[in-house]
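As C-alpha cells, one chain now follows by itself in the form predicted alone.
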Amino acid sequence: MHPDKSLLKTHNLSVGYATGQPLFSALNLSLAKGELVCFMGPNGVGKSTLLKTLAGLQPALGGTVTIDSAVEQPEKKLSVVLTDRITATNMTVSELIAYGRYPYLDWSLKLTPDDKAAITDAVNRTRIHYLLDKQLSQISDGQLQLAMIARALVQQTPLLLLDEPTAHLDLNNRVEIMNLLRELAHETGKGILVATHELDLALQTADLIWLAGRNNNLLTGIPEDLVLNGAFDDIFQFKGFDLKTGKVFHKPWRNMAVTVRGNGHEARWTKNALERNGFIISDSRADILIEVMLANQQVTWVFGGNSFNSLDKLIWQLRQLNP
C-alpha cells in the first residue's frame, strides 16, 4: 500500500447486511493514485457488497470510508460501473456518455467546451468513435462495457470502481478492457478498483490484489507474492489447476515418456499437446525424443528420422506406437 498517495482509505470497516453476520470485518484498506487493484474471491463472498459500500451506495455496518478529494460533491469524487442492466436501450452511445457530465452542468443542461473536451478525451481513450451514433440495443456487451467506462471517465473523478466489467465477454474483449483499465490508472493517475473473477488477467495486469480470505478479512499484496505464498491456492482450492504454471493438470494414461528439445512457445505448446494426449514429459530416460525446429517462421517437428509440419500429424504417429 502507498499511504502517501492514498485516494481511498477504510478504517475498521465492516460490510454486510443488518439482518445477518458481516461479510467483512475490521478492514483497513488503501487505494492509491495510479494504481489498478483487482478485488477477487470465491462466488458469493461479498465483492459487490463491498464495492457498493465503498461507493456509498450501501451503508457500512461499522467503521469508516474516507475519500481524499478536493471536491465536496460525491459524484465528483468517484465514478462507478456496476452490473445493472440499462433499460433505456433506445439512447445512443453518445447520449449515454454525455450523462457522465451531469454533475458539472448548470440549470440549462447545455454542454460547455470543457464538457465536450472531457467527452472527446473519454472517447479517444476507449477508442469507440465508431459507436457514438449507435443505439445501445445495436451494440455488443463488450462495446457497452467500453461505453460505460467512457461515461465514468467523463465524470473526471480521481476514483473509478467497477464490478465485474468483463463478465460474459469473450477473451479478446476481456483482455482489451483489463489492458484499458491498467493504461488509465497509469496514464491518468486514477485509482481504479475492479471486482473480478478473471484470475489469469488479474495476475498479469493488477498492481495490487485484494483477496477475500477467511475470517471475514482481506489479504492484500502484489499478484506474484500471493501466488508464491499459497494464498490463492488456499482461498480457491484449485481442482486440477496449477496456478504457478498456469496449466490444467493432465494425468498421463499412456506408458510412454517423451523428451521435447526446443525453445520458445513452440516447444511449450508441443509439451502441452503431448500432455493433453496422455504422454509423459520427461527430461531424462525418455522413450522418444522430439526436436522442435523453427526456420523462416515455419515450425517442423522431427521424430524417428521423419519430419512433421503439424502437431496433429506428429501425435497421430505417436499414437500408433502407443494407442
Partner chain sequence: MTKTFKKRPWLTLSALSLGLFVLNVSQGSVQISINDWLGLVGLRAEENPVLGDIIVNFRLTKALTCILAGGALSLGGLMMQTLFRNPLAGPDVLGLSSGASLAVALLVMLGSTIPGYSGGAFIISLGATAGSGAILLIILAIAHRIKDNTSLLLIGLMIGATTASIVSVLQFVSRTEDQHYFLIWTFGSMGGLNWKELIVLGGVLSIGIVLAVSVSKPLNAWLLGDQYARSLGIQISKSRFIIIVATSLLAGSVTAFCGPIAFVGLAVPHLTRILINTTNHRILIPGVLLMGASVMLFCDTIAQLPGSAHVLPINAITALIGAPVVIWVIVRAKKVVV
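Positions refer to the first chain, counted from 1. This one's a predicted model, so the numbers in the text were calculated from it and none came from an experiment. Note that the rigid core is defined as the largest set of C-alphas that superpose within 1.5 Å between two forms.
Beyond the structure shown, there is the form predicted together with its partner chain, which is absent from this document and is the topic of what follows.
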For a quick test of understanding: in the model of the complex, does each of 65, 211 and 217 have a heavy atom within 4.5 Å of its partner chain? no
Residue 72 within 4.5 Å of its partner chain in the model of the complex, heavy atoms: no
Decide whether residue 294 counts as a contact residue for its partner chain in the model of the complex under a heavy atom distance cut-off of 4.5 Å. no
Could you confirm whether residue 195 comes within 4.5 Å of its partner chain in the model of the complex, counting heavy atoms only? no
Is residue 105 close enough to its partner chain in the model of the complex to count, meaning some heavy atom within 4.5 Å? yes
Partner-facing stretch of 243-251, 182-190, 81-89, 120-128, counted where any non-hydrogen atom is within 4.5 angstroms of its partner chain in the model of the complex: 81-89
Its partner chain isn't shown here, but in the model of the complex which of 115, 95, 164, 233 has a heavy atom within 4.5 Å of it? 95
In the model of the complex, which of the listed residues (56, 34, 278, 262) lies with a heavy atom within 4.5 Å of its partner chain? 56
Would you mind checking 129-149 for residues with a heavy atom within 4.5 Å of its partner chain in the model of the complex? 135, 137, 148
Is residue 87 displaced by at least 2 Å at its C-alpha between the shown form and the other one when the rigid core is overlaid? no
